[in-house]
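For reference, the chain that follows is the form predicted on its own, supplied as structure tokens.
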Amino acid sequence: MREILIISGKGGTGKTSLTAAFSHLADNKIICDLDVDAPDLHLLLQPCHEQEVAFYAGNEARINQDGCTGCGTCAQMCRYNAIRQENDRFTVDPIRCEGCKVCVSFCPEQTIEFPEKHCGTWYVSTTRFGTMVHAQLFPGEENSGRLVALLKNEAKKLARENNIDLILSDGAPGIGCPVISSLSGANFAVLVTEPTPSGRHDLERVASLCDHFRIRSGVIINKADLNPDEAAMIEQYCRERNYPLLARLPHDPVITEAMVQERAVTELGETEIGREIRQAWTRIEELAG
């Protein structure tokens, strides 16, 4: 089973549009949206939810008012100032609570509950391109790396059950915890960048991350014609570091047109950028083995 991951060092590079196009072009695959903090692949693929599961992670303190004597020990012990007092009533501020459990441990009446925290929802859905595994964390919630690992495991389980040999994943931007989690077990990473100084800088960071975890990677320069000098510098960087240059895509309004129509760009008939994306996908499949 192969795992191909599409990531970028920064947001706004066109990563999700390319993932949608590759989802259209790939055969026998499970599609996975691992950008759980801000997923948007569903906007293009219009998934129909077949399975919906609550995601619980971490814990959150809750004071049982029936047993609380108002001694204030919890407020004295909390270093995050997450215990609020109104008259003689103490409550936990869920925004400030770090789930460290010190209030639970030191409460003389043992009246503070510590349930698992509902952080979001994950889904198994059907799309016009096949099965999709995806999720949505609630705003401000943590544990995105743990949720990414869960989605990857579910995708692998579905792939094994249905004799599917490819997991195609849209990863999160940046180099943080969800990206590191998404790289686990990947066979090949497609690094999407744009020809700007920040795009080049962030490409270098995410490429180094792939090297650290010994994940083979190739580079797509999106909107390369908007800044030929920067595009040439990225190409030079790829040659020096031996990263295959998978495509040098032009700026093309058809990408926006596809988004407006909630379609992958390769679904809009024969276009120049569509042909280049098809060639890039052929190259990616060769490199992913």
Partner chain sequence: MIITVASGKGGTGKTTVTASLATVWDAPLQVVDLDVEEPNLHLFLWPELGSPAKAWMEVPELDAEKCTGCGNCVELCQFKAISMMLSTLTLYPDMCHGCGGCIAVCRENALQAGRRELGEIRQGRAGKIDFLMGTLRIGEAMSPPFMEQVKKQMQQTLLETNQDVIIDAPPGVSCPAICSVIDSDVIVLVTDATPFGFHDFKLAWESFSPLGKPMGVVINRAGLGTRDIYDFCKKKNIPILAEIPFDRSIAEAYSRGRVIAGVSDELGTVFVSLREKIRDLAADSGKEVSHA
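Numbering follows the first chain given and starts at 1. This is a predicted model, so every value here is computed, not measured.
One more form of this protein should be noted, the form predicted together with its partner chain, which is absent from this view; the next part is about it.
Visitor: According to a 4.5 angstroms non-hydrogen atom cut-off, is T256 in contact with its partner chain in the predicted complex?
Guide: Output for T256 is yes: heavy atoms within 4.5 Å of its partner chain.
Visitor: Might K10 be said to contact its partner chain in the predicted complex, defining contact as any heavy atom within 4.5 Å?
Guide: Heavy-atom contact with its partner chain at 4.5 Å: present for K10.
Visitor: With the partner left out here, check for me: in the predicted complex, does some heavy atom of T19 sit within 4.5 Å of its partner chain?
Guide: Residue-level check for T19: no, no contact with its partner chain.
Visitor: Find out whether any non-hydrogen atom of V260 is located within 4.5 angstroms of its partner chain in the predicted complex, and reply yes or no.
Guide: Output for V260 is yes: heavy atoms within 4.5 Å of its partner chain.
Visitor: Check each of T121, T196, T91, S184 and return the one that places a heavy atom within 4.5 angstroms of its partner chain in the predicted complex.
Guide: Contact residue from the list: T196.
Visitor: Pick from A75, A149, C177, C71: which has a non-hydrogen atom within 4.5 Å of its partner chain in the predicted complex?
Guide: Of the candidates A75, A149, C177, C71, C177 is the one lying within 4.5 Å of its partner chain in the predicted complex.
Visitor: Among 199-207, 152-160, 185-193, 122-130, which stretch sits within 4.5 Å of its partner chain in the predicted complex, heavy atoms only?
Guide: One stretch meets the cut-off, namely 199-207.
Visitor: Under the 4.5 Å heavy atom criterion, name the residues of 90-117 that approach its partner chain in the predicted complex, in sequence order.
Guide: Residues within 4.5 Å: I95, R96, E98, G99, C100, K101, V102, S105, F106, F114.
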